[in-house]
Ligand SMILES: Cc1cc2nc3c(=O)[nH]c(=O)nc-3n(C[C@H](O)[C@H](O)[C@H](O)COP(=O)(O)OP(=O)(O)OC[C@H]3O[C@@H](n4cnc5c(N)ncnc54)[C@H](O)[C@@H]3O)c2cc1C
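Below sits a lone chain in structure tokens, taken as the form predicted on its own.
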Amino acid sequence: MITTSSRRAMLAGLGGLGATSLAGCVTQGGTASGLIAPSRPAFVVPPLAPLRMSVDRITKITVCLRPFRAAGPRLDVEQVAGKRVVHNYGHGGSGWSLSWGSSTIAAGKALEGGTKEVAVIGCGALGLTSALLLQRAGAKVTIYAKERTPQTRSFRATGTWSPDSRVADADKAAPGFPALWEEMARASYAAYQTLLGLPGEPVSWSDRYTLLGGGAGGPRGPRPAGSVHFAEYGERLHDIVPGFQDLPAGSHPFPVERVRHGTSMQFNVSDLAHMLTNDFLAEGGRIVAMTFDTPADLARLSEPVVVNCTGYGARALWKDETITPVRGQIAWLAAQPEVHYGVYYKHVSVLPRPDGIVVQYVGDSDMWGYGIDVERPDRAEAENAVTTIASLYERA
């Protein structure tokens, strides 16, 4: 959710202050360094419609478990039940953000040897993009899944560009993983650029304001002993991802000591998933309802090659204990079409989407939610997050 989204998306605005990645199922909005070219013109804050933060505007509370793997996403190939299985799961809070790039790699491996019939297991972000890429490469593709996308964990994602949100443990990933990550991130970023400006806004840009100082939050201290060293690779994209800059005092409406502004890509997950599903079906694909209890169940499929995009579900299906759940929760408020900016304040991120206002407490460190597999909504957490942002507007 945050999971992706990620605190990274909101905390990207901290620049060199020691922000670490975060997100969900939450945002990476700018460069890791936050450096500003001397010639960059000052940003003028436009009139900002107030966020209507009230607990009685909560329409639902959703929870998702992001599949963190210390080594990074699994993209290897193995033989199971007479099938050649290509794995494509374990992206932490970066599933949507890395989907096109990761699926490009998986699709390439699936098509090795000239295979023209491929099964895809899973109907979330990775399943849909894998299926479409395989299809457009000339393969006949069927998606087999227990649930359609609206019921998947991918559908509960924050919907922000967060490509390195809990994507790996920097101390345990292979030496070549940072370069592989960059390859995936750049490919995905380019693919999403082609979806900007479409009806329904499946992908769009939004301004982000990170509020700091005066009790609003600030840089973190050293990582506590035993914490995961979540990888941060944002600087590798400094040439394509917009950066953040400090706003001069008096140039913004927020009652805090310091504000950083940037622009970030965001996903309208509802429309994006609907569009990808329709494209897949319109181009000849099939979606078949099927439940897999063990890898041996793959023998039921007629296709010789399977791309496994089961996300967190791989922990149970493949008995993959390398997957650690990272819980993320979103409080959804009724949409405000007049709001086109996101806010990060006191460890709460707010992101406006056409289907609602996403409000998420992301914790005071990236270890928030780590190892927690409870998907039951916490109403108190949701109300506290909404109230925190409401207090900001009361003071403004």
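Don't overthink the numbering: it's just position in the shown sequence, from 1. As the structure is a computational prediction, the values presented were derived from the model and not from experiment.
One more form of this protein should be noted, the form predicted together with the named molecule, which is absent from this view; the next part is about it.
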Single option in Gln79, Thr291, Asn278, Thr194 placed near the named molecule in the predicted bound form, where near means a heavy atom within 4.5 Å: Thr291
Selected contact from Lys116, Lys146, His238, Arg186, since only one has a non-hydrogen atom within 4.5 angstroms of the named molecule in the predicted bound form: Lys146
Stretch in contact in the predicted bound form with the named molecule, which is absent here, among 132-140, 247-255, 94-102, 227-235 (heavy atoms within 4.5 Å): 94-102
Any non-hydrogen atom of Ala168 within 4.5 angstroms of the named molecule in the predicted bound form: no
Close approach of Ser349 to the named molecule in the predicted bound form, 4.5 Å, heavy atom: no
Distance check, Thr210 to the named molecule in the predicted bound form, heavy atom within 4.5 Å: no
Residue contact check: Ala125 to the named molecule in the predicted bound form, 4.5 Å heavy atom: yes
Sequence-ordered list of residues in 344-378 near the named molecule in the predicted bound form, where near means a heavy atom within 4.5 Å: Gln360
